[in-house]
Every structure is written in C-alpha cells, then in structure tokens.
Ligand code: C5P
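The form predicted on its own is given below as one chain in structure tokens.
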Amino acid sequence: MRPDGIVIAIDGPAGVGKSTVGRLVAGRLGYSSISTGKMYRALAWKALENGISLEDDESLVKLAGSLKWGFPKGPGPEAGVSLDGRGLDLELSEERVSKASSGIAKLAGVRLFMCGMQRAAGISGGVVMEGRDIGTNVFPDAELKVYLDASPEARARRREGQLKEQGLEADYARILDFIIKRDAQDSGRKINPLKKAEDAHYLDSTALPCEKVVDAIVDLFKRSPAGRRSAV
C-alpha cells in the first residue's frame, strides 16, 4: 500500500460529473482530489493567451515546461491549478478553453508531459484522480478504478446547469453537439483514447443523483482490501 492510502481512478466522458463526484468521494474518505482536465484546460488557456498554435505539439510542451505549475489546496479536498502564481478558476470554464483543451489533449508530447505531472501528484496515494485515461495510462496500477458514464443528453443538461450557476451563457443544443463530438474525438484518438479499463467498475449515472454515485464509490472503497484495512 502507498504511504498515504490508495489511488482511486475515475475515468469517463466529458460532462459526466467526474470532478464533482471525485471531490465528494475525496471529502468522505479524507483524501485529496485532482481534476486532470483542469491541467489541460490551464495549458490551453495559456496557449490562447500567448497566441501559440494549438496544433504545435513541440511549442505547447515547451510552454508547459516553462511554466511554474501549482496545485494549491483550497477549503475542500480538491486541488486548484495555478500558473506562475496566478490561480485559475472561471478562465477554465470558458467555452473556447474547453474546445482548445480537447484539441491539445490529442497531442503525444502534451499527454506525456501531463502524465508525468499527474503521476508525481498521486504517486503517494491518498488521492482521487479523475480524467479520461487515469486507470488505463496514468495509474494502470490504481487500487480502485471507476468508469463513470451517462447519456449525452443527461450530461448536456448538467453542463448547462453548471454554466448558468456560474453566471455564464449556456445553450443546451450547442453543449449537446459539443459533447457528442468530444466523445467521438476522445474515444477515437490514437494516443491514450478514452476507454474503460478492464478492471474498472462501470457506473451509469444517467438516472442517479450525485450522492448515490458517491455512495456507490465509497462502498467500493470500503469493500476493497485497502478499505477493509482502514476499518480495522
């Protein structure tokens, strides 16, 4: 077992609620929560700000390596993301940033750079890490893997609600179209595509409230060897 506990890997498609679920699971277990999608969005935001081509893998990796990355602790279990001392929040929710992050996530060099950071952040355990290839590529040895899924329509409705809560514009039809295209892109890319790890637990959250999903994952943890040891 790792020094601080186990790695819980949560993978799944865009808009399925991985960040919210990961944060709540981490809070219940006393773990930290890391959203790897924020790392890609942070790099995409910086590239857009600097006018760097989103198709130039080499320049993007050079940019990523030149930045001082920070993952500051907040009031809850979820780590934030900062670049050169600037904390990023609403910038990462912009539609242009989401679209840009989808593009750079296909690039081999960018993914290799991010994978290294993600492994370093979670290697000691005691972490819930969510993304699209955590259980298949970043932590194939994660002690607990979950593939969280939901219908595109349900995910679009949730995303619409999240954006409106943040005071941002939200159009359901456009969000649904983006999600369907993002699913095809993520599952069809050659490098670390989105897919369920063979040993991952599948959870369909289409008709499940968030708390029920969290309960299910916490129950999986309690029934795991690590969970049984911690209960002794």
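In case it trips you up, residue 1 is the first one in the sequence shown, and so on. Only a predicted model underlies this, so the values are computations on that prediction, with no experimental measurement involved.
Beyond the structure shown, there is the form predicted together with cytidine-5'-monophosphate (C5P), which is absent from this document and is the topic of what follows.
Proximity to cytidine-5'-monophosphate (C5P) in the predicted bound form, defined as a heavy atom within 4.5 Å, singles out one entry of R189, R28, K195, H201, which is R189.
A single residue from the set A142, A156, V127, A105 has any heavy atom within 4.5 angstroms of cytidine-5'-monophosphate (C5P) in the predicted bound form; that residue is A105. Stretch-level contact check against cytidine-5'-monophosphate (C5P) in the predicted bound form with heavy atoms at 4.5 Å: of 94-102, 142-150, 119-127, 80-88, the positive one is 94-102. In the predicted bound form, cytidine-5'-monophosphate (C5P) stays beyond 4.5 Å of every heavy atom belonging to S32.
Looking at K46, you'd find every heavy atom of it more than 4.5 angstroms from cytidine-5'-monophosphate (C5P) in the predicted bound form. Heavy atoms closer than or equal to 4.5 Å to cytidine-5'-monophosphate (C5P) in the predicted bound form belong, across 124-160, to the residues G131, R132, D133, I134, R159, ordered by sequence position.
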